[in-house]
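Coming up is one lone chain in structure tokens, specifically the form predicted alone.
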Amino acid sequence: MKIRKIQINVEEFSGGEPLPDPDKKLLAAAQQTISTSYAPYSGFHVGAAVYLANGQIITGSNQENAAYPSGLCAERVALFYANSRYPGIEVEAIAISARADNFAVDYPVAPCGACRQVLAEIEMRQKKKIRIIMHGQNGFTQVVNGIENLLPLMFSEEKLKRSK
């Protein structure tokens, strides 16, 4: 047996440390988009903003449905719309922020497993890492460069190929 240690790199910004301006602008778009969330069941409202290589910012919010799992996360709403609207344009960064109806979201909100897999697929397709900016309701923000920092043992297209 062999034990392999996996490390990830996370940039952390507290309330006193300013985010770089492009990250700040993208995060502001994600925060503004929270207001379009439809989350009557969980009361957990999420906004996401995607920055594309052509300079466009595409936003999305979580959309719940009484027939779980028919809803969709904010990240996938934004990413899928970006690819539909601007096919072939690379995703440079995504910012995610949240607020809840009944408690303060004091931690940076990370993408769920399904959203991580979608980010992994996009990175593989475009052969370029995506900057992922995660924020809650306070000034604490975490940033990672590349999905492997959130999903180190990801499933990939290569695992679908059979050897003869």
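Predicted model, so just to flag it, every value in this text is computed and none were measured. Residue numbers run from 1 along the displayed sequence.
Another form exists, predicted together with tetrahydrodeoxyuridine (THU); not displayed. Remarks below refer to it.
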Heavy atom of each of 29, 58 and 78 within 4.5 Å of tetrahydrodeoxyuridine (THU) in the model of the complex
no
Go through 49, 46, 133, 119 and name the one with a heavy atom inside 4.5 Å of tetrahydrodeoxyuridine (THU) in the model of the complex.
46
Partner-free chain; cross-checking tetrahydrodeoxyuridine (THU) in the model of the complex, the single residue of 36, 42, 126, 138 with a heavy atom within 4.5 Å is 42
Is residue 114 a contact residue for tetrahydrodeoxyuridine (THU) in the model of the complex, using a 4.5 Å heavy atom cut-off?
no
Is residue 100 a contact residue for tetrahydrodeoxyuridine (THU) in the model of the complex, using a 4.5 Å heavy atom cut-off?
no
4.5 Å heavy atom contact, residue 110 to tetrahydrodeoxyuridine (THU) in the model of the complex
yes
Is there a non-hydrogen atom of residue 93 within 4.5 angstroms of a non-hydrogen atom of tetrahydrodeoxyuridine (THU) in the model of the complex?
no
Counting only heavy atoms, which residues in 56 to 73 are within 4.5 Å of tetrahydrodeoxyuridine (THU) in the model of the complex?
62, 64, 73
